[in-house]
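Okay, so here's just one chain, in C-alpha cells, the form predicted alone.
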Amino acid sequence: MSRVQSRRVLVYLLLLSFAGLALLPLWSGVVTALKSSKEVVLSTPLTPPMRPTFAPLIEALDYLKRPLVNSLVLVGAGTIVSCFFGSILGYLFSKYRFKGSNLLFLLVVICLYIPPQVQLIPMTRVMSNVGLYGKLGALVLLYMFFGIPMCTFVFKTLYEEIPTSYIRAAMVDGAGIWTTYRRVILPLSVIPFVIAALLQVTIIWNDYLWGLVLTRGMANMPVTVALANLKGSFVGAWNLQMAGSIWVALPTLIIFVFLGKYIIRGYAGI
C-alpha cells in the first residue's frame, strides 16, 4: 500500500471514530427509549435493549401531543410574519438609501444582541398589561416581532447580491417601490426565504426560556417546556424522557440533515 493510500485510510478511520463519538448520545437516547423502566435500571445507557418496547415512545407522544401542536402554531405564525416583514425591510435597507437608514439598520442589528434575560421582566409586565400572560398568544406575538430583526439582517445581506440595475430598470418602466418588490425582488427571493424560515423554525422550536416564563398549563406551553416536565415524581423515568427527546428533536434533525447547508449559509451571512 502506497503512502498516499495509507494516509487516506488513516484519515477515514479518524473521521469514522469522530463520527461514532458524536453519534453516541443519539444511540444512547434511542436504545434507552426502547427499554422498559426495569431494564433501564439494570443496564448501561449504551447497552441495546434485550426486549425492545415502543411503550415509552407511545406514552411520550401522548403526553406531548398538545405541546407539539402549540409549537407548530408558534413556528408557523412566527416564521411567516417575521419573514414577510423582514423581507420588506431588508429590501428597503439594501436597495434604497434615505436619511437615517444606516442608523436604523444599526438599531435593528443591535436588537439581535440584547440578551433575553434582560427582557424577561419588561416583557412579562407588557404581556400582563395586555392580558396575554400565561396564554399561547403571548409567545405568538413575541416570536412574530422578535424574529423581524434577524430576518431583516438575513434578507438585507442576501439582497445585496441582487444587481441594482434590476431596480433601476423597473423604475424606468414606471414601477414603484411596492411593484418593484412584488415583481422583481420576490421572484428572486426563494433562497433568502428558505434561509430565514429555517433559522426562525430552528430558533422558535428549540426555545425554552420564553415558554417557561410566559405560559402556564399544558394547553399553552410549547413542547420544550413540556419535555422538561416529562419526568418521574421520585425516580427519573429515563426511558420516557429519552422517548420525549426523540419526538422533540426529530423535526429539527430532519431539517438539519436535508437543509443544513442553507442554515449554515444564513449564519454566515452569505
Partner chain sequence: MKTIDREKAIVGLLVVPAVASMLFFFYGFSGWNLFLSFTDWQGFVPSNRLVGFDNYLTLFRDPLFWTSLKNNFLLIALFVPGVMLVGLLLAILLDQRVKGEGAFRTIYLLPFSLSFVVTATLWAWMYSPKMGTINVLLDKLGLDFLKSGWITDPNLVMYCITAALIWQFAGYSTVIFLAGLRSIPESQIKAAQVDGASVYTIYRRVVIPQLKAPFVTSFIIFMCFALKAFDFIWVLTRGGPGYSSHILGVTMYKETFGLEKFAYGATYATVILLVSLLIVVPFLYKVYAKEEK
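Definition used throughout: the rigid core is the maximal C-alpha set that superposes within 1.5 Å between two forms. Positions refer to the first chain, counted from 1. If you're wondering where the values come from, they're calculated on a predicted model, not measured in any experiment.
Not on display, but discussed next: the form predicted together with its partner chain.
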Its partner chain in the predicted complex reached by all of Leu92, Lys156 and Val213, non-hydrogen atom within 4.5 Å: yes
Although its partner chain is absent from this view, report whether Leu106 comes within 4.5 Å of it in the predicted complex, heavy atoms only. yes
May I ask you to check whether Ala60 falls inside a 4.5 Å heavy atom distance of its partner chain in the predicted complex? no
Against its partner chain in the predicted complex, would Asn220 count as a contact residue? Criterion: heavy atoms within 4.5 Å. no
Can you check whether Leu132 is within 4.5 Å of its partner chain in the predicted complex, heavy atom basis? no
In sequence order, the residues of 9 to 26 that place a heavy atom within 4.5 Å of its partner chain in the predicted complex are Val11, Tyr12, Leu14, Leu15, Leu16, Phe18, Ala19, Leu21, Ala22, Leu23, Leu24, Pro25, Leu26
Could you tell me whether the Cα atom of Ala249 shifts by at least 2 Å between this form and the one not shown after core superposition? no
